[in-house]
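Encoded as structure tokens, the following chain is the form predicted alone, with no partner shown.
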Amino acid sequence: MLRSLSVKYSPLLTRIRPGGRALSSQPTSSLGCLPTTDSPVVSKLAFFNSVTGDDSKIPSYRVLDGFGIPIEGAEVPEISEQFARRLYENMQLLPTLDNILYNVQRQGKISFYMTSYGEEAAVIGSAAALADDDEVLAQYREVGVLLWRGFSLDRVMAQCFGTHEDSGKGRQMPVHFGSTQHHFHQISSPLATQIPQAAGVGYALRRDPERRSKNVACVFFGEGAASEGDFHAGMLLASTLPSPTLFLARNNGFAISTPSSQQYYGDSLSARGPGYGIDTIRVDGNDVLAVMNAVKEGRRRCLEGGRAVLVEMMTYRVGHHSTSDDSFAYRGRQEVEDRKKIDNPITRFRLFMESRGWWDKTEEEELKSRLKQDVLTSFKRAETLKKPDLAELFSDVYAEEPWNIREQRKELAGLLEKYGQVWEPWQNDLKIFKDEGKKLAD
């Protein structure tokens, strides 16, 4: 038998329904919150499926329209003619580099390549908004960040060709760049691994008195990578610890062959940011000035709040995923051609510069000719360089060389001594190494 409970109701908080049942008359706005949360109590049953609160889509921030004209109410950043030219030259350098190295790969001179076609504004606009000593953890298409920071074309070629000038000593596949000097962490092939790593880098910056409130960790990734668990791990880590980590998502419409319409059902990646308590913005990724404004403000929020920020850059991958892909197997050729003509980020910014009197047709032709010659010069030079010393095959992994590696090195040295000067295939192969294998015998 249930015990009857004696409950004392305040006349200010209750009213009596017919039948003697008591109901709270406390205003909905003052019903309080659930224990241990800031979630207000309400009496109305309501589901939601939008972070905007009214079921509308998250808006996309833009400064320039497709014709390079500032849209009504837009805040055009105050940039000089010199800075605008630097932006444009770096944007034009990317397709120049891509055209040559893509063809070089097709000739069999390098093993692999990935282009930045169509995403020039997203990459260069982001690079321009960051400090040169902010830590960058990239995915695949961010060589523009390195070029903006002064990474030379000779070093680009050294990495892609794996020459002895490559800081990675030829161990990585092409376009997997890294540079301690330029605060650009080594790219790795496994998808999305850089995202939780960036959250850790951001936390390390926060703990460093000399870099706290000065630098952020910036991580680039595509919308396909955001479908990996690593994305959520990184967002959770950066939001709860928290850390000044700037998440820059390049939503280019495809995860290799999977269109974004098949990757998620919600309102794209921007809808995920508020779920982690992260300030978020969606920006037109083909508008270099909008990207620069958004990333600059995101960086400011990271530093002032010490917390993560998410910027989703909406763009379109004009090129194939990589030299291992033929995108026309899963999308129409006309679709790509239309996007190149209608929404070209380089054309949009060129029109803006022309409207300011900062650019003309003659300068356009001169720039393209100069950039092509610069890239070809570095390419031809790289073709003449030798590979790193063969002895480097065994270095840089262990602080002290273990017995098994030592035995393998000695075994290879013995084979080279026995066959290296008498077997023609090895004679030819050894010539491509800087030391021709001789340091192994030392």
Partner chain sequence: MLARRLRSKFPALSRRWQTTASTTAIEPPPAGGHSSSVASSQLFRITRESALRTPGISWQDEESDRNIIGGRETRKMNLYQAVRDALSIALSKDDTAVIFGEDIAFGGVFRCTMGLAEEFGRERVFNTPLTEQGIAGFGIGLASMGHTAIAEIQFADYIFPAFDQLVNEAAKFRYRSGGHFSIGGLTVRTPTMAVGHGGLYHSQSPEGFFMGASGLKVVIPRSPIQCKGLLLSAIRDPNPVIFMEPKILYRSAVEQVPIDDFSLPLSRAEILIPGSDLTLLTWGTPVYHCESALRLLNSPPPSLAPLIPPSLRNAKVELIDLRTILPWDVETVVESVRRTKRLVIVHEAGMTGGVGGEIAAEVGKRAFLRLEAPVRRITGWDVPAGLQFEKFNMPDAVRILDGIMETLSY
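Positions refer to the first chain, counted from 1. Please read all numbers here as calculations on a predicted model, not as lab measurements.
Quick note: we don't show the form predicted in complex with its partner chain, though the next part is all about it.
Highlighted residues Ile100, Gln107 and Arg409: none comes within 4.5 Å of its partner chain in the model of the complex, counting any heavy atom. Exactly one listed residue, out of Arg339, Arg171, Arg85, Lys368, brings a non-hydrogen atom to within 4.5 Å of its partner chain in the model of the complex: Arg171.
Contact with its partner chain in the model of the complex, judged by any heavy atom within 4.5 Å, is made by just one of Ile69, Leu376, Val51, Ile405: Ile405. Comparing 186-194, 112-120, 256-264, 77-85 against its partner chain in the model of the complex, the single stretch with non-hydrogen atoms within 4.5 angstroms of it is 186-194. Contact check for Val175: every heavy atom lies farther than 4.5 Å from its partner chain in the model of the complex. Taking the partner from the other structure, its partner chain in the model of the complex has no heavy atom within 4.5 Å of any heavy atom of Lys214. When its partner chain is considered in the model of the complex, Leu237 lines it closely, a heavy atom lying within 4.5 Å. Put simply, Ile58 is far from its partner chain in the model of the complex: not one heavy atom of it is within 4.5 Å. Contacts with its partner chain in the model of the complex, taken as any heavy atom within 4.5 Å, map within 126-148 to Glu135 alone.
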